[in-house]
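Given as structure tokens, the chain that follows is alone and in the form predicted on its own.
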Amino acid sequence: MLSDPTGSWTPVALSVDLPPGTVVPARTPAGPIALWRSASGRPSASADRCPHRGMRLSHGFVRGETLSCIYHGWSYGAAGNCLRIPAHPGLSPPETIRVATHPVEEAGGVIWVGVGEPATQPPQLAGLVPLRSLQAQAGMAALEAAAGAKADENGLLETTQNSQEIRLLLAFQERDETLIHVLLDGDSSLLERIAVSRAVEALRRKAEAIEAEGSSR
């Protein structure tokens, strides 16, 4: 996570995992969000709760440039304003009906969501491309212990495991859960991608064992 006095950026997903017209659940330090991409390709982040009846918007669907709740179909724009209430087709929803939103930036194949008002842009991760994302049932401290290295202020952790150089972009989820984005040099071969993926899975298992051992004490 990129820290800033007024806000922060969190790498919540890879661009490839959010094609146009889809919505997925994600987490930030401020709580759960509905991460969605409109039909035109614009990514947005909305609080994961419909103001109407509290249904999770991440269970909803994307129609054109709007995110719709699956319960009663209330639809919201990227700015959070309610645009349509199906039960009242002739009504222009008042501006007071809104869902909270967060700033979103895409950089180097990674989708970053801002919490608060970050004064800087997320890191560009020059020369690196994302390989995959995976969840670890382990906190940041356990992952750092397993890797024998510390993540920097951007959440980037670099280590060598089983002779493989590994770069991980870490995002805090909950106390004992971390989202891992695996990064590679842009010119990595298929065999190198497979080797790094296996090494990261081994690192995850090691971190989860460390977490479990610490929880049992």
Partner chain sequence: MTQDAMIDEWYPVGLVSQLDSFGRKTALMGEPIDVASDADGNARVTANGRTLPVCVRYGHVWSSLGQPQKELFAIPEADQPGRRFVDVGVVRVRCSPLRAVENFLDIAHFPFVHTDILGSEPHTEVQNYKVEIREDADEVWATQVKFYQPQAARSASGGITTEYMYRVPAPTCSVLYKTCPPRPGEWDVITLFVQPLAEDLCDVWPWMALFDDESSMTDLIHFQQTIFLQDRSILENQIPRLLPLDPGMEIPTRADLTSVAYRRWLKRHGYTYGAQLVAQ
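Remember, predicted model here, so these are calculated numbers, not experimental data. Positions refer to the first chain, counted from 1.
Keep in mind the form predicted together with the partner chain is missing from the figure; the text below concerns it.
From the list 187-195, 149-157, 43-51, 167-175, the contact stretch for the partner chain in the predicted bound form under a 4.5 Å heavy atom rule is 43-51. In the predicted bound form, Ala126 stays away from the partner chain, with no heavy atom inside 4.5 Å. In the predicted bound form, the partner chain sits within 4.5 Å of a heavy atom belonging to Ile97. Remark: Ile70 counts among the residues lining the partner chain in the predicted bound form, judged by a heavy atom distance of 4.5 Å or less. Residue contact check for Ala30: none of its heavy atoms lie within 4.5 Å of the partner chain in the predicted bound form.
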